[in-house]
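This document starts with one chain, in the form predicted on its own, laid out as structure tokens.
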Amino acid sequence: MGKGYGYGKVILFNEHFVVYGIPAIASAIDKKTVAIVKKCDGEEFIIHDNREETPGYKKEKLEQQKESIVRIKKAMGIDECIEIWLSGDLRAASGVGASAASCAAIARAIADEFGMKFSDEEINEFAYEGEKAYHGNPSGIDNTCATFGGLVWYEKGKKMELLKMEKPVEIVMGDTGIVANTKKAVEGVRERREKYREKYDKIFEEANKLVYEAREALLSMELERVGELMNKNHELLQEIEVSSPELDFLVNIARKAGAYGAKMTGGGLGGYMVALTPGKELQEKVAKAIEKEGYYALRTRIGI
């Protein structure tokens, strides 16, 4: 049997703005999806998805998942039937790169089972092909984090840059429990930007300036500054109407509990938020504050 893995991810700065050529920063987290693959008798594939999930996530994404497996197999030149088991400690949910983690894991497991030697760059390409089933025209951030780990600087149309933090830093990700529709969120921004062009141009300009400051702060480990910039980035995302009452509520809970900064992450309109909580003690305090309100809190790290 072949085995493979893919990391989850968190977008730290500029989701949505990245679609319009403004840089974004994302990081892999220390939670993974694990795939096991073996050859089987049949036509295409059999899937056993044993990942923990936000209720309804796997059912809602099932058809996209099937299409992604077909795409990955085709890209890898595999015609035989395969049986796939998915597990790991990354909860299947919106906003944490769950689909990309599974695509990278499946591609690695197929390569292992069939004795195929691929570089991480090639695995990343196969994962990107699988991601098209979920996101139509994905940015490539999620699959790059899933495949390589680490911190990613992404600018549309340019080669991604892998950044290196001095050491991993603790974060908390709070799940609203809402399975979000990224395509709908992206389309909404496009429509509003066309309608209110002047207003949106100013917001986009701020997002562009902010991300360069965030890059410097992350690389020099000025974590209090990183937190301030995360708070500001959340305000900009609120202004383009991709947050939600649930996300705003969790962001406020995290800040009150002492997080250096907190914001929505991913497509928005549900899914996850992220709080910067350096040190196990602060991480636990913020996670418990979120759990006290009845929400799921993921304790993890960035810059792994």
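By rigid core we mean the largest C-alpha set that fits within 1.5 Å across both forms. Residue numbers run from 1 along the displayed sequence. Note that the structure is a prediction, hence the values are computed from the model and not measured.
Same protein, other form: the form predicted in complex with a small molecule, not shown, and the subject of what follows.
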Within 4.5 Å of the small molecule in the predicted complex, do we find a heavy atom from each of Ala26, Lys232 and Ser243? no
Answer for Arg193 alone: is it within 4.5 Å of the small molecule in the predicted complex, judged on heavy atom distances? no
Spell out, yes or no, whether the shortest heavy atom distance between Pro138 and the small molecule in the predicted complex is within 4.5 Å. yes
Heavy atoms within 4.5 Å of the small molecule in the predicted complex: does Ile178 have any? no
Although the partner isn't part of this model, could you tell me whether Val18 comes within 4.5 Å of the small molecule in the predicted complex, counting any heavy atom of the residue? yes
Listed residue that, although the small molecule is not shown, lies within 4.5 Å of it in the predicted complex (heavy atoms), from Val186, Val211, Leu151, Ile78: Val186
Go through 114 to 122, 160 to 168, 195 to 203, 140 to 148 and give me the stretch that gets within 4.5 Å of the small molecule in the predicted complex, heavy atoms only. 140 to 148
Core-aligned C-alpha movement of Tyr296 between this form and the one not shown, 2 Å or more: no
